[in-house]
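Shown below, as structure tokens, is a lone chain in the form predicted on its own; questions about how it binds or moves come after it.
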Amino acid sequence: MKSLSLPLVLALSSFAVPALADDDLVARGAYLASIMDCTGCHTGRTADGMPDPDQFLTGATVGFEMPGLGIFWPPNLTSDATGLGDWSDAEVATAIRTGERPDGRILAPIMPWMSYASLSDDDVAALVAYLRTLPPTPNDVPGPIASGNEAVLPYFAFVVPE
């Protein structure tokens, strides 16, 4: 077998491997996603209610009904077009910190963006870098619906004590 020269190997490797963020940055982002429990809401569930590893951060299969606001299903966080595929890194960072989507809609309060507002710039960059490494997985999660409308997926209903 003929060997390739180092410059040619390096040139070919830049095409064969997607350009990903620094490994340490991605590792920090994975750590943050873990301790921030992104999977708790953004990962689909199996029939017994356990997180489905085949639906890791691809969007919820169980939603949340917020009194007076409607029913929300946490979205797909992969880079697929049904997820964050069309969002810039800055738009993802803005949603994490301010709860504002690129279309101007404010995320439901079940998304703790008010707590995430204090993340450092480096931590937000790490989280975004990590999300960008997730394999693009199609999963078109339903949009929010008004309370009382027919839900297309199961959801938890929050009840406010009187």
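Residue positions are given as counts along the sequence shown, with the first one as 1. Values in this document were obtained by computation on a predicted structure and should not be read as measured data.
Separately, the form predicted together with a small molecule exists; it is not shown, and the next lines address it.
Asks: Going by heavy atom distances of 4.5 angstroms or less, which of L134, C38, A125, V26 would be at the interface with the small molecule in the predicted bound form?
Replies: Residue within 4.5 Å of the partner: C38.
Asks: I'd like to know whether A30 contacts the small molecule in the predicted bound form, with contact meaning heavy atoms within 4.5 angstroms.
Replies: The answer is no: A30 has no heavy atom within 4.5 Å of the small molecule.
Asks: Might I110 be said to contact the small molecule in the predicted bound form, defining contact as any heavy atom within 4.5 Å?
Replies: Yes, I110 sits close enough to the small molecule in the predicted bound form that at least one of its heavy atoms falls within 4.5 Å.
Asks: My question is simply whether A129 lines the interface with the small molecule in the predicted bound form - judged by any non-hydrogen atom within 4.5 Å.
Replies: No, A129 sits far enough from the small molecule in the predicted bound form that none of its heavy atoms falls within 4.5 Å.
Asks: Decide whether R101 counts as a contact residue for the small molecule in the predicted bound form under a heavy atom distance cut-off of 4.5 Å.
Replies: Yes, R101 is a contact residue.
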